[in-house]
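Listed next as C-alpha cells is one chain, alone, in the form predicted on its own.
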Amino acid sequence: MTEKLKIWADGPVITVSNGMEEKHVEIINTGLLRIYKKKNSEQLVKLHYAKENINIITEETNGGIYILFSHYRLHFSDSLTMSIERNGKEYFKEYDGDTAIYVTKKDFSLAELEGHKREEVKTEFKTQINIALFDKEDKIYGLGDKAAQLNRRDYEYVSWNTDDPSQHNESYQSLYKSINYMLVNHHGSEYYGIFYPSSYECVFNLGKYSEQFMYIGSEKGEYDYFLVLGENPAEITVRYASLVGNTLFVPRKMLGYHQSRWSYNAEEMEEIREKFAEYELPIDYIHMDIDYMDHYKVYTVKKEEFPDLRETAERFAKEGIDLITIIDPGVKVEDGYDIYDHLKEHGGFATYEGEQYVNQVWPGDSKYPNYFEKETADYITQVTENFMEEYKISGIWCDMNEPASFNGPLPDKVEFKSEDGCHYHEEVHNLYGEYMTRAIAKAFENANKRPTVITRAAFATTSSFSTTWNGDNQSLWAHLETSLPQVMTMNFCNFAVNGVDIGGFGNETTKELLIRWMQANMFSLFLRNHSAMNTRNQEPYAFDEETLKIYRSMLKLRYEFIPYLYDALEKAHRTGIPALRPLFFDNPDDERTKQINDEVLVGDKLLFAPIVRQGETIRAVYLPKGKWIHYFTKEEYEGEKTYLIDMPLDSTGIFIKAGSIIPLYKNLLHIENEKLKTLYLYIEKGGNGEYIHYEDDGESLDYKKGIFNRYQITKTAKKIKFKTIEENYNSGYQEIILLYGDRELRRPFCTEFDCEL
C-alpha cells in the first residue's frame, strides 16, 4: 500500500485522501456511483435516488487501495485518479496523463475582415473532469438535441441553452437544451453512462483534441459526476431515468398529428379544419403561434382577429381538433396589463442591480417572471388555469424560454430570488425553461389532467414536466437526415415525446423533401408540421394530388399504430426504456449497429428505415438478429444482413419482427375515446411472440391510482391466448379483430380467451 493514501468510510460514502486533497465515492446502488470533491447544489436540480444497502469491502495491497462491491473493483492512484474493473476486466477509468491542449495561434485579422468568425478555444477550467478513452473505436452518445450523428466522438459541445435559428450542424456547440448525459461504449460490448449534475455552463470535449481522453470543463460547477453502471444500454438508461425522473406520460391524444405555422389567422384555421375533413386527413391539434396575442402580451388574445376564440375552440373540439397556444416567458412592460401589474407589484420579476430587469423580446421591452419563487410560480399556474378555462385551450407550447432575448444576453448576475436564497442567471439559465414548464404543467395536474406542455428549452430533469421539440430547423435534406439521430438521442436521454418540425421550419421545403420528412418521422411520438412566416405553405394539401395522397397514407398508418406507440410511451414512463432508440440499444454486441443513424427501433418489434437523401429511391437496410417481415410487401428477411430495398416516393421501409403481435386501431381521423371500440391485433407470421397491451382513459392522472388495465397476449404455433393481468379500469373495447395474413378473425371483447389461427 502507498503511504500517501488514506481511506475511510461513512456509510455508503468512501473518502480517499492523498494528504493534499480528498475524493469521495458515494455508492448509491449497484448501478450508480457519485464521484465528487464537492457536490453541486441540488436546491434547483432535483434528483431521485434509489438507494440500496451495499456490501462494501476495502482492500489494501502493494498496488494501492481498492473498493470492492458487487462485481466491481475500484482503484485509486496516488493522484486520486479512479479506475474500475468489472469481472476482472478494465471497465472505466479517469485520465491521469498530460491534459495540455495545444492550440496554434496565428494572426486572424485578415480572415476577420473577410467575415470569418474567430473560434475561441478554452483549455483551462476551474473544474475539469478527465475521463480516459480506451481506443479510437470508443463511441460517445448523448447530450440531447445536438444536430449531429449518434456517435458524437471527436466533437466539442457547450451546455448553454441557446436560441439561434441558423443552419445547425454537428459542429454547432449549443442548441436549445442542456442534457449533460452521455452513454459511452468501449471494448466492443462495454457501456457506461455519465451525468454531470451542474446547471452552470459547461463544456463537453469528446476527444476533439486528444484520442486519449475526453473531459467535462466548468468555471462554476463542481468536480462532481454520476457514473451509471450496467451490462447493456437498456440497464444503464433505466438507471439514469430513475435518477433524473420519469419521462412525462402525456394524454394519448398528444400522439396524434399537430398542424402549425407562424402564424395562422382565424380564416386559415378554419381552412385547415375544413380541408383536413374534406381530404380525410387525420389531425388532433392546431397550434397558434405568437400572432394570436394582443401585441404579443402573454395570456392575451387579439380580439379583432379572434373575436370569440372560446367558441372556435369548442367548435373545433366537437370535430376532434384541439387548440394549443404558444406562451413565451417575456412579459410586456405595460402599466394596466394585469399580469405585468401583478408581477411588478409582488416582486415577481428577475432583478439586476436593484431594479427589475428589462430586455427585449417579441412584445418589445419585457421582464422575465421568476419561476423559481413559489409565489410567482403559483401565480403563473393560476393564470394558465384561467386562460385555458376562458378560451378552452387544450395545451401550452413554451417557446423563447432559454431564455431568449433580443437586446443581448441576460447578464450573469441577473437575480432570481427564491425561498432558499438568491440564484444568479449564470446558475439558472439552463433551468429557466424547466421551471416555466413546471408552473404550467401544474395547471393541468390541478385539474387531474396529464400535462399537454411542449418546450423548446430544457435541462436533463425537464422530461417529467414537458414534452419537447428540437427547435428551429431548416428545410434542408441535411436537417432531415439529422432528425433521426436527434430524436433517438433525446429518447435515450429520457425525453420520449420528442420530435422535429416536419418539412423544416425555415426556408422553402419541396414536394420530395416534405414527403420524405413525413415518412422518416411518422413514428416520432411528437409529430408536428410547422413552418415559418414568409415561407411557402407546407400543409399536406399545399402541393399536388400525389403529395396529398402519399402524406395522407402515411398519416393514416401513423394513426393505426397509435396503441403500439401509446404502449411504448407507457413503458418509457414506467421503466425508462426509450420508445424510439438506435439499433445498438437492443443489439449492444453487434458492431454494425453502432453508427447506423438512419434506422430506428420503435419498441422492440418495429424497425423503420426511411429515405433521408434527395433523389434516392433505393437504400441499404441493415436488419439486426432475428427474422424481419417487410410490412408492405410481406417479404421475409434474415437478420444480421444488409439488403437493398426499393422505396419509390410513395413507399418507406417498415419491418416487423417475425412472430410479433402489434395492437392497432383503424379508420381514425382523431384520437377520441368513444372511437376506440375495436382493438385490432396484427399477428406477424414466424415464431412465438408475446405482447403486453395497456389501456386507460388516456387523459387523466387516474393511472397513478392504479386505474388501468394490462393485457398479456401470447402467440404459440397456431394459437393466440389473450389474458387480463391487471384490471382496474372499465374497458372501452367492444370487439377484438385478429389480423393474420389475409384473414380477419372477429370476436366480442372479453378479458380472457384462446383462439386458433
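Numbering starts at 1 and follows the sequence shown. Given the structure is predicted, the values throughout are model-derived calculations rather than measurements.
The same protein has a further form, the form predicted together with alpha-D-glucopyranose (GLC), not shown here; the description that follows concerns it.
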Item to complete: Note which of Leu676, Ala542, Met400, Met554 lies within 4.5 Å of alpha-D-glucopyranose (GLC) in the predicted complex, where distance is taken over heavy atoms; exactly one does.
Response: Met400
Worksheet item: Pick from Trp262, Phe465, Phe316, Phe585: which residue has any heavy atom within 4.5 angstroms of alpha-D-glucopyranose (GLC) in the predicted complex?
Response: Trp262
Discussion item. Just checking whether Phe505 would be counted as a contact of alpha-D-glucopyranose (GLC) in the predicted complex - the rule being heavy atoms within 4.5 angstroms.
Written reply: yes
Fill in: Contact label in the predicted complex: Arg456 to alpha-D-glucopyranose (GLC), heavy atom within 4.5 Å
yes
Worksheet item: Can His530 be called a contact residue for alpha-D-glucopyranose (GLC) in the predicted complex at 4.5 Å between heavy atoms?
Response: yes
Worksheet item: Is Trp469 close to alpha-D-glucopyranose (GLC) in the predicted complex, meaning a heavy atom pair under 4.5 Å apart or at it?
Response: yes
Worksheet item: Heavy atoms within 4.5 Å of alpha-D-glucopyranose (GLC) in the predicted complex: which of the stretches 668-676, 282-290, 542-550, 192-200 has them?
Response: 282-290
